[in-house]
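Okay, so here's just one chain, in structure tokens, the form predicted on its own.
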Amino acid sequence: MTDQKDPKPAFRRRVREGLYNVRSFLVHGRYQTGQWDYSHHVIPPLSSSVTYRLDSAERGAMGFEGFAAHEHREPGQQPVYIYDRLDEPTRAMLEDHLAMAEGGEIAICFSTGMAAIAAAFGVLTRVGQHFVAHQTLYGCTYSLLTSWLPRFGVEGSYVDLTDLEALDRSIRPETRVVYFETPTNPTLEIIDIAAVCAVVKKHNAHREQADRIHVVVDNTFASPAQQRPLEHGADLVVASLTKNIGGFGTDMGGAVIGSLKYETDLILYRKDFGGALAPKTAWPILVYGLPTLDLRLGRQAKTARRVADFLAEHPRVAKVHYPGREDFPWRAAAERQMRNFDGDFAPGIMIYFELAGDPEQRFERGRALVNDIAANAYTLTLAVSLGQLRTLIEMPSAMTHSVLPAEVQCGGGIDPGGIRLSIGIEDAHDIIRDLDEALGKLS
């Protein structure tokens, strides 16, 4: 432990003043940190202790008093670690870096992305309250919101949040959360974050602070390297660290990022409901995932554009959704909010495309395509998840979004044979070759 003053404010100021780019911060961190002194380590060390020795009962009391309550700490004072589920240094370093990347004050890490989403709803809603969500959602998120939250007395409405009038009509006196993904999973619709926040702000103007509506954005598809919802007015960001941020397909995790006022409730929720991210899992995300995030996604996005252009010209493909194409329906909104750390347009690594034919034909052709790729392709892997080094392909209607009833899939624009591609770092020519060969076999 060290008594040196935490240099966190100076680093934040230098990054925000443009003296250092955020991508450099994600590689080097601060050398020293309020969480742990590791000034002589080139690579942050890995903590591996569930419980921590306490020198006295008074020190233990100090730790519990300061847990989840920054107001009890002096500036630069390090926390007193007691038990992993409460707080520990490796995860805390990752949280600090995630907060910086997203432009938030705090980040709280969980064992999975779904645990993070559950925590956001857990601290923002209670019995008798209501949320509004976009009509297209990841399958497990949909299951959480429709199967479990109602058991806790929290009901939801599902609307098209690209229609701001529909959002305005759906808000009730008991509404406390507006939730959406952007780009959406899997169709890549872009929800205009600033426009949604403006509608919510209008309603909040007539509410007491305790009754205000919170905007929560799932930023998993873009990651902070390509979009930072807090900059556009969102209250909280949730993300799966398993995907782009982790990047290598080896570790699961999730995070909630926002302002300091949410920290205590999020930490206490994690303590009581469990789901803390293990330090052995936080360490590779901190050391490998975040430092390479911008580099990986920049390379993958260039390949994604080439693959999307190829698919758009193929006779077996009826429609391609990729934010980087001029014909993308939500291109204007994507250009406004999908920006990298330099402020350049960053359209992402995800592609969604539909095959030609009637609905039954599209389903059968989609199934045939992914089965052929599973058997014969080299650079394409039939697997769920996304944001890995390998290019992953899946059929959402039958796989990741199969929990959604057919009418919900249809209403959310999920095609029966739609295909989701997560582009990896393989050579673009090889990815296109494998796709071309598989598409050429379709009847």
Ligand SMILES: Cc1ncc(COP(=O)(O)O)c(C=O)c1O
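Throughout, we count residues from 1 along the sequence that is shown. The structure presented is a predicted model; accordingly, all values stated were derived computationally and were not measured.
The form predicted in complex with the ligand is left out here; the points below concern that form.
J.: Using a 4.5 Å heavy atom cut-off, state whether residue 89 contacts the ligand in the predicted complex.
T.: No - in the predicted complex, heavy atoms of residue 89 and the ligand never come within 4.5 Å of each other.
J.: With heavy atoms only and a cut-off of 4.5 Å, decide whether residue 328 touches the ligand in the predicted complex.
T.: Judged by the heavy-atom cut-off of 4.5 Å, residue 328 is well away from the ligand in the predicted complex.
J.: Check whether residue 181 has any heavy atom within 4.5 Å of a heavy atom of the ligand in the predicted complex, and answer yes or no.
T.: The answer is yes: residue 181 has a heavy atom within 4.5 Å of the ligand.
J.: With the cut-off set at 4.5 Å between non-hydrogen atoms, does residue 189 touch the ligand in the predicted complex?
T.: Taking the distances in the predicted complex, the answer for residue 189 is no, it never comes within 4.5 Å of the ligand.
J.: Among 366, 247, 258, 253, which has any heavy atom within 4.5 Å of the ligand in the predicted complex?
T.: Checking each option against the ligand in the predicted complex, the one that comes within 4.5 Å is 253.
J.: Name the single residue among 113, 156, 279, 324 that comes within 4.5 Å of the ligand in the predicted complex, judging by heavy atoms.
T.: Flagged contact: 113.
J.: Tell me the stretch among 118 to 126, 219 to 227, 204 to 212, 160 to 168 that has any heavy atom within 4.5 angstroms of the ligand in the predicted complex.
T.: Among the candidates, contact is made by 219 to 227.
J.: Note that the ligand is not shown here; using its position in the predicted complex, name the residues of 238 to 277 with a heavy atom within 4.5 Å of it, in sequence order.
T.: Residues within 4.5 Å: 240, 242, 243, 252, 253.
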